[in-house]
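What follows is a single chain, given as structure tokens, in the form predicted alone.
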């Protein structure tokens, strides 16, 4: 048990103080590239002996970024720009920003003016992705990123090295999928500790993180499985890493038994087909991604996907963690709610913002939801 707690504390330290991880990599002479959500091609960056480093904003007050953004825009992007302007990312070689929503497009353009000392690299994805033209478009986008990275960092791209990185990331995906299933059997691991494991992955090399995750699972599986009377929930949304919100979930005796969070399990659902050429395989991976608000889906299958997850895991209900001013998530919600209702799965909507300092409304909503599940 001591070793388990040591590993959980290690994940926690990385999750709450990524700046220390960044300083450590820079002190080693490593070149670091910031990766803005979602689906930035980390494999490309990793394959060039660069360190991919997550840039998902933070729970901070926004001041400088207000000069570039209106108040009614996603706080993830506002706080990411704020951190860039105030020097939190000083030392990194570049930042890669995808264009999967209108707000991300604005972040990229504003970054060029607000943080001119850190080069901005765009990653343009197609929405009609699962066809030959879509895969070709994605590959062209990757080639643009590679060209920019070579010019900025002096590193050289190699298909052989990308094939190795694809394998590294596949192994990490598999470990994270297995972890989500294993943690269901150990309800004493809190929602905050679960989040620490997922969040820390953005600030460590995938080899390091996979090793720690596998060590944790091996230790857990040596321990007896437990049952509890906690209410089982599925979480869905873009990000759900607020300490206050996660604490409230724990205080209401709720256990997260699965998630459809972009910051968490959505990252790990799809592997690269290693039988294909490395770059083709990476483009093919993106073409097969689905069930996400920022990925075009004419059939709107995400609600069905989450309902099926709830049934498979025995979840009592779904908690929708809505990032304020996130248009893609807001558009998805009414359709998902109808799917949940049709499947007889209770759900509750919790609105979050990285500049929130009071979660009493969320507390009341979750307390009421828990009572409804009893």
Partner chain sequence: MSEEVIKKPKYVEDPNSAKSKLNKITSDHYSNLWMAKEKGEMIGWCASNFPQEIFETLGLTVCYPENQAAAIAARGAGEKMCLISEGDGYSNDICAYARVSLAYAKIKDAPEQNMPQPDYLLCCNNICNTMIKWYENLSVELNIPLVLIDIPFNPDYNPSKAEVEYVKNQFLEAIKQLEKITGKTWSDEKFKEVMEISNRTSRAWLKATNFTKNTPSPLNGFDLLNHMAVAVCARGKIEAAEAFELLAEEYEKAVQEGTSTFRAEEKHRLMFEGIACWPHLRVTATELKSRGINMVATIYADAFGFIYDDLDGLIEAYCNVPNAMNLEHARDKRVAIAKNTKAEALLVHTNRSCKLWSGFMYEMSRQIGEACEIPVASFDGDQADPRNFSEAQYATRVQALTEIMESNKGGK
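As the structure is a computational prediction, the values presented were derived from the model and not from experiment. Numbering follows the first chain given and starts at 1.
The same protein has a further form, the form predicted together with its partner chain, not shown here; the description that follows concerns it.
Looking at residue 219, you'd find every heavy atom of it more than 4.5 angstroms from its partner chain in the model of the complex.
Within 4.5 Å of any heavy atom of its partner chain in the model of the complex lies no heavy atom of residue 265. Residue contact check for residue 188: none of its heavy atoms lie within 4.5 Å of its partner chain in the model of the complex. Contact between residue 327 and its partner chain in the model of the complex is found at the 4.5 Å heavy atom cutoff. The listed set 126, 281, 119, 250 contains one residue whose heavy atoms approach its partner chain in the model of the complex to within 4.5 Å, identified as 126. 133 is the sole member of 133, 228, 86, 211 with a non-hydrogen atom lying within 4.5 angstroms of its partner chain in the model of the complex. Although the partner is absent from the chain shown here, 70, 106 and 298 each have a heavy atom within 4.5 Å of its partner chain in the model of the complex. Partner contacts here mean any heavy atom within 4.5 Å of its partner chain in the model of the complex, and among 240 to 248, 92 to 100, 265 to 273, 192 to 200 they occur only in 92 to 100. In sequence order, 327, 328, 330, 331, 332, 333, 334, 335, 338 are the residues of 327 to 342 having a heavy atom within 4.5 Å of its partner chain in the model of the complex; the partner itself is omitted from this view.
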